[in-house]
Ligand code: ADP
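A lone chain, given as structure tokens: the form predicted alone.
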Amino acid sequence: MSFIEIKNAKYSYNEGTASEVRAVNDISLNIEEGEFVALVGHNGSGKSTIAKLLNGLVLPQQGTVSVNGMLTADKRNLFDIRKTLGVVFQNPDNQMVATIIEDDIAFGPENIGVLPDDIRQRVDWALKSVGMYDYRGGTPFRLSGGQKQRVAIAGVLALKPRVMVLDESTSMLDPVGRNEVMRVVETLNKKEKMTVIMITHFMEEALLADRIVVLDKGKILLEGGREIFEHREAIERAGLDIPIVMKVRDKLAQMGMEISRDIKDADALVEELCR
């Protein structure tokens, strides 16, 4: 059994009415512990609905969703599921409840009954993990967008989840802020062995994942590694773009340069060119 299993899941908003919208349409998807999976798709493709299905904010109207063997449809499981799987949403301001950063990080552990000494350790560990420990006594409302999102991630980390879902968590950030957050996410996955599910429409971010799942109209259109971007027509029909670094790589290859196809970012392309 996979750590996360979605089996033939369907979910519609305004079900049974004239304005019904099928957001998730018979999706099946397995995710193993320790994987880094990117879910990509145009607006309305079903990405954010899948995030809500995973932590039980909404329940599948057909099919099943389970996390570590626990079905989300069983209300008795929801507390344990939400301790296991943490979600970081798009707007960090919506996730902050305290005026002091370390108090905000402590809020989650306090609410699940963690002992005070353990809370102190968790808060310090979470803030150090995202590079925000030196800001612990300050107010979150004076931080940059990237810093706020790192604090939001720390708030989820303090719950010690085994899975982190990032639901368009970089969409409101500038390129510097996005890079800050993505460095943290890669570290959590590679060094802390945390399972990461990243929902994004930035194709450059998707290149960092082990597996990419392309969604279109509530269905899985493509699934695989970076090679899925070879299906250019299908990607573009889904309203998505090919990562710029891959476009540059292909153009250089057309000019006669022997460029590795295993390029995931601009730094790797520069190293390849120097080689």
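Throughout, we count residues from 1 along the sequence that is shown. All values derive from a computational prediction rather than experimental measurement.
Only in words, not in the display: the form predicted in complex with the named molecule, which the text now covers.
Under a 4.5 angstroms non-hydrogen atom cutoff, the named molecule in the predicted complex has His42 among its neighbouring residues.
With a 4.5 Å cutoff on heavy atoms, Met257 does not count as touching the named molecule in the predicted complex; it lies far away.
Within 4.5 Å of any heavy atom of the named molecule in the predicted complex lies no heavy atom of Gly56. Residue contact with the named molecule in the predicted complex: Val21 places a heavy atom within 4.5 Å of it. Exactly one of the stretches 230-238, 28-36, 202-210, 45-53 approaches the named molecule in the predicted complex with heavy atoms within 4.5 Å, and it is 45-53. Shown here without the named molecule, the chain has Tyr13, Asn14, Val21 in 1-22 lying with a heavy atom within 4.5 Å of that partner in the predicted complex.
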